[in-house]
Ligand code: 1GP
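Presented as structure tokens, the chain that follows is alone, the form predicted on its own.
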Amino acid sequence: MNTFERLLKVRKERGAGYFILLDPDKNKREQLPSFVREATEAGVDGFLVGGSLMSTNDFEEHLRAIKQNTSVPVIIFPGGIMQVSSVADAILFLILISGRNPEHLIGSQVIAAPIIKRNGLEAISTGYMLIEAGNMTSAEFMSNTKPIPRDKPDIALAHALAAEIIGMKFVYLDAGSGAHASVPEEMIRAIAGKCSLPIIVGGGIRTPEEARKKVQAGASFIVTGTVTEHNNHHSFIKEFAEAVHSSAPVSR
């Protein structure tokens, strides 16, 4: 069973999955083993690893520290072509479909593809959409693209349907790291109602109740990053995991 199949199994058995995003620039490597073990025990279904800048030069060491302390998938969430490693279980092969910057539509992907192939790394094709969050996020600034307006679910749906027709495996709705506002439930619901792809939702989700609402609107996977950097204790993460897993989705 490959990583993508494992994730689909999580969605089928638990209703939805919960990921924690770990940015090597923001997480000290020596603290990772204990945190990863506690998060896994608390019910996390996978770890996404990556960042917009990557100032640290020990990306692979971070991946190893995570892999050695968990049984759940460790997936690269790349902020650039240098974030590729066979240490991970898989990589989200991101296509920034919400933007019109050719570098993030095909340029970086062409450079990264031979590296991914050479490393034998499982690539999960993902239609990535930046959603307006009420502030300028790192992802928006670094990608030099405009996010989809948060009050335009029809535009988001059209992009998601394009990803589905092209043959991608996920759509990822991201308000961005440190977002003031998370992805609106109305937008998630619009996509879930007409697009068959599993929906990953991240950015600006600060409470278990907020995560629950995203799942009830149709999200298949919830991602938290900043909030768990500041509240990384077992009970807080467990609350998030339970909220995600216990929420009956309206549609898929």
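Just so it is clear, the structure is predicted and the values come from calculations on it, not from any experiment. In case it trips you up, residue 1 is the first one in the sequence shown, and so on.
Another form exists, predicted in complex with the ligand; not displayed. Remarks below refer to it.
K.L.:
Tell me, please, which stretch of 212 to 220, 199 to 207, 29 to 37, 61 to 69 lies within 4.5 angstroms of the ligand in the model of the complex when heavy atoms are compared?
P.N.:
Single hit among the candidates: 199 to 207.
K.L.:
With the cut-off set at 4.5 Å between non-hydrogen atoms, does residue 140 touch the ligand in the model of the complex?
P.N.:
Answer no; every heavy atom of residue 140 is more than 4.5 Å from the ligand in the model of the complex.
K.L.:
Is it the case that residue 78, even though its partner is missing from this view, gets within 4.5 Å of the ligand in the model of the complex, heavy atoms only?
P.N.:
Result no; residue 78 lies far from the ligand in the model of the complex.
K.L.:
Is residue 21 close enough to the ligand in the model of the complex to count, meaning some heavy atom within 4.5 Å?
P.N.:
Yes, residue 21 is a contact residue.
K.L.:
Closest heavy atom of residue 179 to the ligand in the model of the complex, within 4.5 Å or not?
P.N.:
Yes, residue 179 sits close enough to the ligand in the model of the complex that at least one of its heavy atoms falls within 4.5 Å.
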